[in-house]
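Encoded as structure tokens, the following chain is the form predicted on its own, with no partner shown.
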């Protein structure tokens, strides 16, 4: 290699190294700014509401006129609707995702189904609320109830869980699947003992996303469960009005006439953000336990 060739090669290598450093610095800067923005936003919301929280506020009944109302029934409805919706959407979404990843034939119809699922995952939530009205209010005529809100939220979560499960299963290396078959495992045993445990991280991430979205959802609940509660703290009836904490926050900010509406909104927003963060932590615990057991 001549001296000129060596010089040109060194020049290109130096320029590539500089571009790599520049790109790394840009990524670091954007990432740090994004994290700081998110942390600042969370701090702003929690700082306004958390210091003012009390047990009376968490367990108290909402007030329409007098100051000092609580969020007890709406907070209970939020968890109640969330649990019911997850009990419906998780088994159905995981089953559909496993079918598309492992059993569905690779043809035009299944490709069309995948496009439809992806499209439904990006549909605005108010469309699912209108669908819930058509089903539960007009067809079955059960009115605005917890049942209607929970099932509508399950419909909202199904496309996301289906796609997340399918992609997580497909991401498992084929060598692990073939090794299971080589050891005499059936297809069901391979799915239960190899594919799902390996894909558990992605699946739980999807569950966290849909759980947080469902807990903070308001449009679907307003249209299918209403903006009021039964007035009881522990009302397990599926046919009671099902206003959740997110709906109560919207109502306080837009319609309420109580003099301390701004303070109630700050505290309710802090509780909402804190619970969403807590949900993500709780759903991650099974994954951490699974990793420790495998070690």
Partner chain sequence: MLDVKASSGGGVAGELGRSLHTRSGRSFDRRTRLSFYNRTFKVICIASAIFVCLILFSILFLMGRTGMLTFNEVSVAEFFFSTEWVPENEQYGALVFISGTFVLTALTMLISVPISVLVAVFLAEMSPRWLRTLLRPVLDLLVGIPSVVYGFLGMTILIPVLRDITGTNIGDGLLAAAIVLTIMVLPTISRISDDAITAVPKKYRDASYALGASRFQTIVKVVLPAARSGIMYAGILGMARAIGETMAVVMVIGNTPQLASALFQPTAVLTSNIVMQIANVPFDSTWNYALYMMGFLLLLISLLMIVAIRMLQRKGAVS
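Residue numbers count along the first chain shown, from 1. Note that this is a predicted model, so its numbers are computed, not measured.
There is another form of this protein, the form predicted together with its partner chain, and it is not shown here; the text below is about that form.
In the predicted bound form, residue 53 stays away from its partner chain, with no heavy atom inside 4.5 Å. Interface residue remark: residue 79 is not counted as part of the site for its partner chain in the predicted bound form, having no heavy atom within 4.5 Å.
The closest non-hydrogen atom of residue 285 lies beyond 4.5 Å of its partner chain in the predicted bound form.
Residue contact check for residue 122: one or more of its heavy atoms lie within 4.5 Å of its partner chain in the predicted bound form. Using a 4.5 Å cut-off on any heavy atom, the residues of 21-41 that reach its partner chain in the predicted bound form are, in sequence order, 23, 24, 26, 27, 28, 30, 31, 32, 34, 35, 37, 38, 39, 41.
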